[in-house]
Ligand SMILES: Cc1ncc(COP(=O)(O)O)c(C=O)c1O
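Encoded as structure tokens, the following chain is the form predicted alone, with no partner shown.
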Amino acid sequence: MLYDTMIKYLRKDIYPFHMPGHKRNASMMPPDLLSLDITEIPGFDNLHNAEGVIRSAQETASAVYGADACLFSVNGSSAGIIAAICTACEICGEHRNLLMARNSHVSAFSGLVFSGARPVYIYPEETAYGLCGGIEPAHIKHMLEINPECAAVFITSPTYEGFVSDIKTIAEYVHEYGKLLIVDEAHGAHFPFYDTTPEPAIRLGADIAIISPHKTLPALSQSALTLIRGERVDVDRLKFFMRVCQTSSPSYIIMSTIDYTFQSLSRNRGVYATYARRLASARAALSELSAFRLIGEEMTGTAGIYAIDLSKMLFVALRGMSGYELERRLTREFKIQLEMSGDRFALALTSVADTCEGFERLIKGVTAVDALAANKGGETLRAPRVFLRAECRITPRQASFLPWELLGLHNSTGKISADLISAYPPGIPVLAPGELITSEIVGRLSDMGVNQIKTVKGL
């Protein structure tokens, strides 16, 4: 059924403004992927002890980002994030704390379960549109002053919507206190390739940065890199945890296409110049919408946002129609599939693999739907609160391994969650294991359609 459904869908004339970044554009892929599906036969190295061709490919990727070392992942950025957190926090087990942005991906919470670390949450600034902005460096410094026991700092930059924090200043503060800086940069894999993007985190002082080429570059799903720079990281320990988090039979298709992507883009920078022109033209054409607003550089300098990744075309619904309705109409009437939509937002994810025809279709579709929404009128839509503050009563590891019971959502207030519940995308938990369930959280989960929840038994 899965295969049949995929083939039926892929035969439709639907243009993908979503992941993966290759957009099913065959010109961006090696010609015969089946021939690349091998195992560790002589001459083809071993991912978990790379000394030959895989090591050479990792060095190529390191050079692109300015890292000292690079470890491939065939289990997405999730493997690198879990391994990085374990590397920083595993030594002292449950007594080690991690200063972690609460808008982290679910994989970071998995890292807390694996490592036993206790999170000390730091919250991003909130934009006027109800989105997570950046992390203020001064806030990081203050939190390290009052939480000196934290082993490391973990933040996400860019965010799912493309907002970038001031990594250079954050790194300076983190290192001043002798801590590691880990950056989930999964959505910033394309940063080194053209001039209008922010600098990669690893060049700005991050000790470990985890990126996903499949999100914004023409690489296959599950491809990811863990980048290391400087002497603060125990690389052998990181390699150990990367091995723990991945299969012993890694996909050579994924690894070889990572290498193919970096080699081909490094040789042919002209494709990025072409893409940059198409993107700038599309953004200009959509800059005067009425019922929706295309977010741009005007957000820089607000809500902790140091820079913006303009490849993320984020539309804010102002009146007339929701982001959901924008996506539905684009799919049904213009055969365009977006990356994500919500009550207030819709996101079109672009990449170097997008064609001129694709951009033209997006411009035509959004312009037409915007006109319909403007004629419909109505009040300006209100921005919801981004976060309900979370209180971590016990560690995520404790909550995950203690006995649990399933309760009706409205009977769970005052209990401790044994569950992780998030809207996906972008995969930021509304509730994580170990957190106190409040009436406000119950209300948010009810809005999401949640009826039952696992809670720690007896607590």
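So that there is no doubt, residue numbering starts at 1 and follows the sequence shown. Here the structure is a predicted model, which means the values were calculated and not measured.
Keep in mind that the form predicted in complex with the named molecule is not shown, yet the notes after this line are about it.
Residues of just one listed stretch (284-292, 75-83, 111-119, 260-268) have heavy atoms within 4.5 Å of the named molecule in the predicted complex: 75-83. For a residue to qualify, one of its non-hydrogen atoms must sit within 4.5 Å of the named molecule in the predicted complex; none of 62, 207 and 230 qualifies.
For the candidate set 349, 186, 317, 89, a heavy atom within 4.5 Å of the named molecule in the predicted complex is found for exactly one residue, namely 186.
None of 226, 212, 311, 165 but one reaches within 4.5 angstroms of the named molecule in the predicted complex through a heavy atom, and that residue is 212.
Although the partner is absent here, residue 246 lies well away from the named molecule in the predicted complex, with no heavy atom inside 4.5 Å. Of the heavy atoms in residue 156, some are within 4.5 Å of the named molecule in the predicted complex.
The named molecule is not shown here, but in the predicted complex it comes within 4.5 Å of a heavy atom of residue 107. At least one heavy atom of residue 160 is located within 4.5 Å of the named molecule in the predicted complex.
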